[in-house]
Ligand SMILES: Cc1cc2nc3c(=O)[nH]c(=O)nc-3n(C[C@H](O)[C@H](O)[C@H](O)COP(=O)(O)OP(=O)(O)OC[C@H]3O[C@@H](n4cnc5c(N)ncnc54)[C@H](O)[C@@H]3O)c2cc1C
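Listed next as structure tokens is one chain, alone, in the form predicted on its own.
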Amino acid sequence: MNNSELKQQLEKLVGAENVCDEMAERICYSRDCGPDKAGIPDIVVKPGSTEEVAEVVKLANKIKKAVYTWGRATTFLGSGVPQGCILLSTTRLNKILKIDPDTISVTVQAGVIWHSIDAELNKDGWELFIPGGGGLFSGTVGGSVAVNVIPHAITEYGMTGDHILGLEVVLPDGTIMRTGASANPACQPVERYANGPDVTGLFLGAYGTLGIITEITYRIRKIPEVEQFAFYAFDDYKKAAEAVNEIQKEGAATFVIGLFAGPKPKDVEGEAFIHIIVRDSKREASYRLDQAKRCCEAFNGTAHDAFGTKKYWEDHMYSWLRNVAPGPYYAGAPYMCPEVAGFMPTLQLKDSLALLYKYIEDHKAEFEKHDILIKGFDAYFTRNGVYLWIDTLYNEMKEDSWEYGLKLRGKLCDLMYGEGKMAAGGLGAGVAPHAMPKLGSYFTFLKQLKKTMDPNNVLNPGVLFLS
């Protein structure tokens, strides 16, 4: 089937106004926010219902053509858009379907933006159980769930996927399936762990390779009474990690963010920095924040004004973590970030950071030659560990800097997923070839699963290095 015939078939399925094959539009769908170059789709299609998504997938199987699922591309990990694919945008799946205080849940379509849900919930004193990832003003819920993004407030509230009650998914052959309690059509989506195995989990972090998520039911909760903040500087990054480990043991914080390397917060001296956010009742928040402060001070942390912490949390501007107003993070050139990230125990962070600092020192001359900057080794502390972002920046206007930056990402992946004892978090097309082969029989299982579920290799081929 040639592209003209394909366009006609897709127009019959979703309407002519929702199909485009103009180069000016197609090229806009070739990259995410990250540094990796990718293919240009042959055609962009925007279905408006789960049934339309299913029909597009069935057509793709019939003609053996790849489908790439696209939310709003807010990731930094390499989109992996295949050359000549059908790009399926979920942005028309943008309805909040049901807010249900009785089951303490909300059901939305996959293309809804995180913050738009909270804006509706907040009117009646509710909020999502987690506030979403870094792209909460731009990222879609479906894309974030497919990636299982690292959310704000992870220290207390957990991962994005932890609070999903059920999904509606289009499988690689076009079959529509529900997971959780509502897999039984007679039941509401009140519990994910109903009806046997946790099939919901199969699609979390699968990056759209095993199915296209079209609908999500998510836990909600009442907005906590107060929010309180603290900010500490440490002369020794190891002491900072030890202090956070004690905070975690006490359950003293809703969210702890660590800053290691990169620019220091403005007007603050130290080697490492900890932001602390506590959300609770007035009484409990004060008690917990005092606990967190005692933990920091026991490991020689120095308290500073937490205005940047408060601004970061309320305005969701990353730059406030370093006490800098929103604006260009680095002036003078368009720097891009080939990100490496993953999980480890909190105290393991001490050895892993030492490994990274040594690598930087050993390659200082190369970094200067290729105009490589360190944005930061920044950490979202989980309930029992840490999610570490290793953010190096390269100058996108310089081809040698670009090439070196991507090679550097691969070397840091190999270092950290090996000697650094870090379990891969953000994957994507750029990181997966380095991370997945280290997983042994787990990787073999995933490849077999992909082949069984998607024998025509239609959905997001290559994104997780599974085919």
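The structure displayed is predicted, hence computed values, not measured ones. From 1 onward, residues are counted along the sequence shown.
In what follows, reference is made to the form predicted in complex with this ligand, a form of this protein that is not presented.
Mapping the unseen interface onto this chain, residue 133 counts among the residues with a heavy atom inside 4.5 Å of this ligand in the predicted complex.
Put simply, residue 72 is close to this ligand in the predicted complex: some heavy atom of it is within 4.5 Å. Using a 4.5 angstroms threshold between heavy atoms, residue 318 counts as touching this ligand in the predicted complex.
Residue contact check for residue 144: one or more of its heavy atoms lie within 4.5 Å of this ligand in the predicted complex. Contact with this ligand in the predicted complex, defined as a heavy atom within 4.5 Å, is made by none of 342, 370 and 430. Scanning 90, 182, 309, 254 against this ligand in the predicted complex with a 4.5 Å heavy atom cut-off leaves one residue, 90. Between the options 313, 232, 207, 394, the residue in contact with this ligand in the predicted complex by a heavy atom within 4.5 angstroms is 207. Note on the interface: of 61-69, 394-402, 432-440, 38-46, the segment with non-hydrogen atoms within 4.5 angstroms of this ligand in the predicted complex is 61-69. If you take 196-221 and check each residue for a heavy atom within 4.5 Å of this ligand in the predicted complex, you get 207, 208, 211, 212, 213, in sequence order.
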